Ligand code: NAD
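A single chain comes next, written as structure tokens; it is the form predicted alone.
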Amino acid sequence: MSKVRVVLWGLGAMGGGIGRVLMKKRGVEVVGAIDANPRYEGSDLGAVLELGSDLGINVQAEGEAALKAAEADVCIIATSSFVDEVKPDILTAVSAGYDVITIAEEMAYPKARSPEMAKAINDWAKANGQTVLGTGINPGFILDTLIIALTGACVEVEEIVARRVNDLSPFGPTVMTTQGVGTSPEEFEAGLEAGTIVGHVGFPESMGLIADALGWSLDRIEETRAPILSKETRTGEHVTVSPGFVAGCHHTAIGYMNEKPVIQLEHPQQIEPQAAGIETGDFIEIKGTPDISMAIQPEIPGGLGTIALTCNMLPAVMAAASGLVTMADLPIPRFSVADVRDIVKTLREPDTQWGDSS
């Protein structure tokens, strides 16, 4: 197998980070880049990623033409959080013969909100023999895949309570907007009403992944969102928050089964939490037989975690059956220094060993 050829679609904070990491992966070659930002169009990808040298890859604004010209294997889409916004690009990439990995939060389990779109993507991917995965740090790992893995040590599970307290600072302007960072309390409430401020995108997706894995059927999910007001000035890469303005969103969700709360997820996320003396962390409590309690402090960094999961799931997606898949469908995520081509071969042919290129 020649090197795994990748096209990046979206070169913001996450897409750019993914590109830089992939360039260090053995057996991977980034061969194309797409971004609608007019500042990037026609620029060399090396300059956009601030690598210090050109790569001979010009960033293009039009996705279909760029994908056809690149003749690559995988397209990584890092442009939006929402299924309806990334669906056209996913279908374009699949039609061009690409497997797709996207960090769009709703794509972690799209049938939670858009079963029709999920079916359309699944059917199109199968018809074209390609695989589509949505992943990221959350949803995609902390509040779903990691929880599912921990339940493997249980003989009974009664209730799951999990909380992620994280720093939003590494994320780009899109996430800042959806969290209401930098708005006044009045603007925050107006944004909730208008749907421009949504808080964490992913609770229904995480709960859907967990419930499917455990064989549960949830009756309903109730969500609440409240602004986190800053008492101090907080300065992030993309926004500055003055005292009295919104530093983030405290978002909670409860999933009910037979009118009993069985999954409770909490996600107070904000920029520069340390400025307010807040310690970050990831906390999971599983009530069952046995009870399981896990705490990670500080939190797994959201930006780096999303970048890592996207890159590390690359071989699993290439080796998977065609269609729309979730993190619960694929091998557990893992870092490896092995050549990505060898990992793909191992996953496709379990009798081989990583590093065996014969």
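We number the residues from 1 along the sequence you see. Just so we're clear, the structure is a prediction, and the values are computed from it rather than from any experiment.
FYI, the form predicted together with the ligand isn't displayed, but the following is about it.
Student: Are Leu11, Thr79 and Glu105 jointly within 4.5 Å of the ligand in the model of the complex, each by at least one heavy atom?
Tutor: Heavy-atom distance to the ligand in the model of the complex: all three under 4.5 Å.
Student: What stretch, of 324 to 332, 64 to 72, 50 to 58, 31 to 39, brings heavy atoms to within 4.5 Å of the ligand in the model of the complex?
Tutor: Contact-bearing stretch, as computed: 31 to 39.
Student: How about Thr135 - does it come within 4.5 Å of the ligand in the model of the complex, if we only consider non-hydrogen atoms?
Tutor: Contact check for Thr135: yes, within 4.5 Å of the ligand in the model of the complex.
Student: Taking the ligand as it sits in the model of the complex, is Pro173 in contact with it (heavy atom to heavy atom, 4.5 Å or less)?
Tutor: Heavy-atom contact with the ligand at 4.5 Å: present for Pro173.
Student: Contact with the ligand in the model of the complex for Gly15, defined as at least one heavy atom pair within 4.5 Å: yes or no?
Tutor: Flag for Gly15 set to yes.
Student: Using 4.5 Å between non-hydrogen atoms, is Asp89 touching the ligand in the model of the complex?
Tutor: Judged by the heavy-atom cut-off of 4.5 Å, Asp89 is in contact with the ligand in the model of the complex.
Student: If you apply a 4.5 angstroms heavy atom cut-off, which residues in 302 to 335 are near the ligand in the model of the complex?
Tutor: Going through 302 to 335 in order - heavy atoms within 4.5 Å of the ligand in the model of the complex - there is one hit, Thr306.
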